[in-house]
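One chain comes next, on its own, written as structure tokens: the form predicted alone.
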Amino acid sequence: MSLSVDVHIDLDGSSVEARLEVEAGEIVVLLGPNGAGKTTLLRGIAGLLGPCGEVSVEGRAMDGPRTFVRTEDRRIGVVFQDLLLFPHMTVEKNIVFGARSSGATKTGARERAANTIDDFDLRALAGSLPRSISGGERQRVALARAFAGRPKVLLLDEPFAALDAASRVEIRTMVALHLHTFAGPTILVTHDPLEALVLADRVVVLERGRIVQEGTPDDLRSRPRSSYVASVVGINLFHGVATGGRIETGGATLVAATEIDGEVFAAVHPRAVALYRNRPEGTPRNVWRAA
């Protein structure tokens, strides 16, 4: 199973444009600041915003020039930030609903729900209503409901945003375990860099509705391509113009290790910075006097 996305979404005066391929079993974390368009992109993929470009799962078009498959027929599991559990249904019935939504019979849905309840360690809560359980437990129920529908694709929108610090670690560990057993593509939205670095096979960074960088967590750490990405991974990033290895940044001059010309980004890791009481001896390439 694979997911292919090429969409243009105009919504409330802003736009999101993205081309994205997610392979079977791959976990892509969509990272970006608030207002970057992450949730909008997820809703577009799920079909919740109407036709918005091209979306295909396993090569089957869900959204295209002549095709629009309704959300409920896409076999895409979505866990929303506010979870959207049915408040009048017990934990068990919420999960049965997930199974029924994929076309299972009543008997088949109950059997599948029972197995999913055990997988997510929810047996003791099966008869409880959502309002009577904790935020972390509700998060487990929402994820279990999505899995019970046997989706071909999973979309998770800020799944840990409403949790306290202690619950966050526990639920993140549980989610990671289940995601790594899921055979389909997964997109997880967050603005928390730790979640991205811990969970992702690949990170896609969205800023102002556009993809500005993508790669493994190590790629982002070693070669940030925007000030936001640099701040996320804790690296100083300078933008300037290089001539023969000398980089003019508008506020300082940097000397690169190799000759390079043109517009560049220069990344300086905090571990590469040293402080001296007196001017250092030797041949450091870059020495700045501090006030």
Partner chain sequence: MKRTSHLPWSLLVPGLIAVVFLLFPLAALVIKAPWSEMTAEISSPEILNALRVSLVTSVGAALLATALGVPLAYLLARTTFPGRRLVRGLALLPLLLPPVVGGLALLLAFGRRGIAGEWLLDAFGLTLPFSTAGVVVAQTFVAMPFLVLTAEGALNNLDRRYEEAATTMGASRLSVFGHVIVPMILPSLGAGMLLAWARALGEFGATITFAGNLPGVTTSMPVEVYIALQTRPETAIILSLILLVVSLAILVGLRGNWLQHT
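None of the values given here were measured: they were computed from a predicted structure. Positions refer to the first chain, counted from 1.
Beyond what is shown, the protein has a form predicted together with its partner chain; the following relates to that form.
*Exactly one of 198, 84, 162, 129 has a non-hydrogen atom within 4.5 Å of its partner chain in the model of the complex; which residue is it?*
Filtering the options by heavy-atom distance leaves 84.
*Work out which of 124, 194, 176, 89 lies within 4.5 Å of its partner chain in the model of the complex, going by heavy atoms.*
If I apply the 4.5 Å criterion carefully, the residue I get is 89.
*Given that the partner is absent here, state which listed stretch (180 to 188, 94 to 102, 210 to 218, 164 to 172) has heavy atoms within 4.5 Å of its partner chain in the model of the complex.*
The contacting stretch is 94 to 102.
*Quick one: in the model of the complex, does every one of 71, 78 and 145 get a heavy atom within 4.5 Å of its partner chain?*
Verified in the model of the complex; spot residues all in contact, yes.
*residue 43 near its partner chain in the model of the complex, any heavy atom under 4.5 Å?*
Close contact exists here: in the model of the complex, residue 43 approaches its partner chain to within 4.5 Å, heavy atoms only.
*asked:* Contact with its partner chain in the model of the complex for residue 48, defined as at least one heavy atom pair within 4.5 Å: yes or no?
replied: Close contact exists here: in the model of the complex, residue 48 approaches its partner chain to within 4.5 Å, heavy atoms only.
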